[in-house]
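Starting off, we have a lone chain in the form predicted alone, written out as structure tokens.
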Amino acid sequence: MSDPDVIVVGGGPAGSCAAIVAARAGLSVVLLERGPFPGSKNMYGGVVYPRILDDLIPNWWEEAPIQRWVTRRATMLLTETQALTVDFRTEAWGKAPYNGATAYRPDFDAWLAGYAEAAGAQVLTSTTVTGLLRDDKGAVVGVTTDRPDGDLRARVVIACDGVNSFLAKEAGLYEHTDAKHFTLGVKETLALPKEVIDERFGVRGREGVDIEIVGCTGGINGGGFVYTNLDTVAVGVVLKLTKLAAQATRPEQIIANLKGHPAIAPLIEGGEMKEYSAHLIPEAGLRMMPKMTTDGMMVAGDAAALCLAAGIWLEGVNFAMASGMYAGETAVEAVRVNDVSAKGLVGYQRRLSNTFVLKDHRKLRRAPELVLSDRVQHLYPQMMANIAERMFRVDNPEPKPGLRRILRQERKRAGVRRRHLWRDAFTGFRSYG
């Protein structure tokens, strides 16, 4: 094999989008994937937002392997016996160009990689990258693999090798790899007939539901989710790694408790488990992002910690696809001017900074810490649920107490100090306002 212009490591959404862009521009591209096919090793516990593909793959929605279009989005606060839900639905999200969708990652990733191959990229599967090749000045000039004669050289390496990227670490780009910056996502996929899912979740056809949950993980900071595929329902939790390691409860028990909650059990009753999977998630946003470039190399997707865990918005695949596209564009630019040094790759950081990728992460930089704080996790769900219960309760012959009185009493009952409540409200306003 002659040396390609670009080596892309990882056949996920970031890697495939990078390969599509670079190959379409006429560069020779090799896309390396350690699994038997792109997506074979991926699990995903959420929703895909593919609008970034509008220009790359026009009318992508006509052929993308989508399970359901999310037309109903809910945020739920749970206590042991209560559930308080903000539930929104719209017909607009069930029509082109759509908003979000549920998808099986093996199907979605393989579909994207097919476009990379069609553009001219060579896709090598069952290939594990074991390290970086450098020249005598320390610049990255390729990778080593587990294939026979496995050294591959290229002008540019784009590392899309997933969370906690060992290539980014080897290149000296990661400074923040503390366990406190990660969560563990654990998911069960439960089979149910489509008509049962439609009836229980109140949807029809390809309409889908995404429920994000706070207060469902016991003493471990995190969150939960329930979302619908065509004939399966995904139920899972996301757990702060340091909190999980500090106690003895297993993730599967936490999921079992969530499935048994009176607000969730009727939705998934009778479901047969088809899959149990786990995945490490970069949760801290800007606090943990590596340097994005070095001489001869860029980092994209989960490898660059591009995951937005901000409570209202839980996104990752859209940032992966966008960063892959921008890395591909930068590779084309650098190869054409024959400067693949960090200086020649500076356009990548510019593209990330000038688009939603880093603008959203900057705006919401305080949100992950707020959402995973002890007050939001363990005090506010009970307080808010109690306020709602008392507001809706009729205590005749007692007169109604009024909202201000209920708020004051339940705040004190929950042990929430007024200054902490104002501080969290201010942080939330700065993040989401």
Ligand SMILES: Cc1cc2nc3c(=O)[nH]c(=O)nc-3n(C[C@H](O)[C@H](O)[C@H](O)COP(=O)(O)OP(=O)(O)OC[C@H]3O[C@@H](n4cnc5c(N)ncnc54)[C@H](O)[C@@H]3O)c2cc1C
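All residue numbers are counted from 1 along the displayed sequence. What you are looking at is a predicted structure, and each value in this text was computed from that prediction instead of being measured.
Unshown form predicted together with this ligand; subsequent notes refer to it.
Peer 1: With a 4.5 Å heavy atom cut-off, would you call residue 105 a contact of this ligand in the predicted complex?
Peer 2: Flag for residue 105 set to yes.
Peer 1: Just to confirm, residue 348 within 4.5 Å of this ligand in the predicted complex by heavy atoms?
Peer 2: Result no; residue 348 lies far from this ligand in the predicted complex.
Peer 1: Does this ligand get within 4.5 angstroms of any non-hydrogen atom of residue 207 in the predicted complex?
Peer 2: Residue 207: no, not in contact with this ligand in the predicted complex.
Peer 1: Looking in the predicted complex, any heavy atom of residue 301 within 4.5 Å of this ligand?
Peer 2: Output for residue 301 is yes: heavy atoms within 4.5 Å of this ligand.
Peer 1: At 4.5 Å between heavy atoms, only one of the stretches 264-272, 91-99, 161-169, 355-363 reaches this ligand in the predicted complex; which one is it?
Peer 2: Residues of 161-169 come within 4.5 Å of the partner.
Peer 1: Please tell me which of 333, 117, 315, 295 lies within 4.5 Å of this ligand in the predicted complex, judged by heavy atoms.
Peer 2: Of 333, 117, 315, 295, the residue with a heavy atom within 4.5 Å of this ligand in the predicted complex is 315.
Peer 1: Let me know the one among 229, 75, 257, 127 whose heavy atoms come within 4.5 Å of this ligand in the predicted complex, would you?
Peer 2: None of the other options qualify; the answer is 127.
Peer 1: What residues in 255-289 sit within 4.5 Å of this ligand in the predicted complex, counting heavy atoms only?
Peer 2: Stretch hits, in order: 279, 280, 281.
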